[in-house]
Structure formats: structure tokens, C-alpha cells
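Single chain ahead, by itself, as C-alpha cells, in the form predicted on its own.
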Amino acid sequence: MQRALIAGVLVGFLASYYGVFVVQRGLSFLGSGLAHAAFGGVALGLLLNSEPLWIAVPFTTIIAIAIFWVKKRTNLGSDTAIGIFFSISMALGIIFLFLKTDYSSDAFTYLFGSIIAVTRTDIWSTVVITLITIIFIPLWKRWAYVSFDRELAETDHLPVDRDDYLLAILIAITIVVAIKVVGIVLIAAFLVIPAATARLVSSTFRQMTILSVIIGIFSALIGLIASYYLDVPSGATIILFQAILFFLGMLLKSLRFIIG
């Protein structure tokens, strides 16, 4: 439980921090696509009797790079490129699991999340990506600029394409390290809901980022504790609590509109 709480706090920070860029850029489907790409990597790790995390990280990173590469080299939209690799990853994952005869309990852990499945390896992996994220925080202003006006950022000769790849890689790794806590099925929601809630009640992008991180960390803690005592899947509990906060945010915004 202690390991799960540490991982939950770190994952809550990571997912909600990157989530603001996902929501602002209209890339919510990216979270779902990379989550299912992670499923392919996890399934391959289980098939090879290896630590799934070490296989899922490069597997999902390659898929993330491929999605943006196809989008930039063709006239296809982001949703189409994501859908293509989403399908390929799922198909590979199903085949890998089919070839693995004793996968059931391990697969359910990765699909739905489990607080008792969090290991020291998961903790250290999450710490590493958190430190990397902190190192890249100075790029927040540039990423925010691109999120609001991509064409003007390109006119100002900012490395927009390079930043897209970097952001995609960091989101991909975040999704992989979050799998044990939230699960593959629900990790996309963890990327979107805190940021969407923060957007409802924030007046600036900086405020949205800070509030999203607070919501992500707080919901992870409450969800993990509740799932422990209720003996239910941790991922589902966290997401349901986030959903409650989202609807409260909608209510607050509606009241502000009525009063204003």
C-alpha cells in the first residue's frame, strides 16, 4: 500500500501535467491509442517471461513516434494515424496473449490496475520519469505557446516538430509507468479528466496546469485509499472520484455563469 501511494502521487502528477497539453491540443484520443499500444508491449513482455515494463516502454515509445511521423508525412489526421497504430498494437497484444497460456491474472493486473501489484521497479521507474519531467519543466512555456497558436510558433522558428516528438515520448512513458496503478483500460481517462476539470474553472493556462496537477495527485490518493478499504480495483476508483470532481467543476462553472 505504501508503494502504491508513492506511485499514485507520482503518476497523479505526471498524468495530470501532460494531460493539460493533451486536452488543450485536442489529442484525447492519443491517450487511448498509446494505452492500447502499451497493451501490446505488456503482452509481449508476458509472452517473453520478462518484466513487462521494460518491453512496454520502448514498444509504446516507438508507436508514439510512428503516430506523429505518419501524421507529418501524410495528409492523414491525428485520429486516423492513432487509429491505425491503435489497431495494430491491439492485434499484436491479442496474439501475444493467445500464445501465452497462463496470462490471466497478470493480464488483469495490467488491464484494470492493482495497488498490490506495484513493485519497487515500478516505483523507481516512476521516479525516473518524474525527474525527467521536472528537468523539462522549463519547456512548459514553449509547449503552451504551441498549444494555443502552432502556426505563429512555427513562424517564430520554434522547434515545434521536435517538441511534438519529445512530448509524445514523455506521454508514452507516463502511460506505461501508470499502468499498474490505473490500468490500461482507464489510463486515457487519467490523462484527460483532471485537465478537463481544471480547464472548466481556470482563467489561464498556468492556472489550469497547477490545478490539474493538484486534482491528479489528490484523486490518486483518495482513490487508492478508498480502493484499499473497499477491496475494489484502484484504477476504477480513482477515475470515478475524478469524474465526481469533473461534474462538481461543471456545476461551479454553471453557477458562475448564472451569477455573472
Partner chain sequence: MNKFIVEVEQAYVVFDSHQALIDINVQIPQNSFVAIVGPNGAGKSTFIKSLLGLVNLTSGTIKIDGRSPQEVSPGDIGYIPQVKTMDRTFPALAIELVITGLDYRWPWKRSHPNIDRAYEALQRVGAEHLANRQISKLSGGELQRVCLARTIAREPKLVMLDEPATGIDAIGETDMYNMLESYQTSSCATILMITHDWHAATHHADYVLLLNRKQISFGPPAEALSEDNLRLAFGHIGHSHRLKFLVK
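Given the structure is predicted, the values throughout are model-derived calculations rather than measurements. Numbering follows the first chain given and starts at 1.
The next section is about a form of this same protein that is not shown, the form predicted together with its partner chain.
Work out which of L46, M208, I67, I215 lies within 4.5 Å of its partner chain in the predicted bound form, going by heavy atoms. If I apply the 4.5 Å criterion carefully, the residue I get is M208.
Mark K100 yes when one of its heavy atoms lies within 4.5 Å of a heavy atom of its partner chain in the predicted bound form, and no otherwise. K100: no contact with its partner chain in the predicted bound form.
Is K141 close enough to touch its partner chain in the predicted bound form, meaning at least one heavy atom pair within 4.5 Å? It does: once its partner chain is placed as it appears in the predicted bound form, K141 has a heavy atom within 4.5 Å of it.
Is there a non-hydrogen atom of Y165 within 4.5 angstroms of a non-hydrogen atom of its partner chain in the predicted bound form? Taking the distances in the predicted bound form, the answer for Y165 is no, it never comes within 4.5 Å of its partner chain.
May I ask you to check whether L158 falls inside a 4.5 Å heavy atom distance of its partner chain in the predicted bound form? Yes.
Judged by heavy atoms and a 4.5 Å cut-off, are Q24, E154 and R199 together in contact with its partner chain in the predicted bound form? Heavy-atom distance to its partner chain in the predicted bound form: all three under 4.5 Å.
Among 87-95, 125-133, 141-149, 183-191, mark the stretch whose residues have heavy atoms within 4.5 Å of its partner chain in the predicted bound form. Contact criterion met by 141-149 only.
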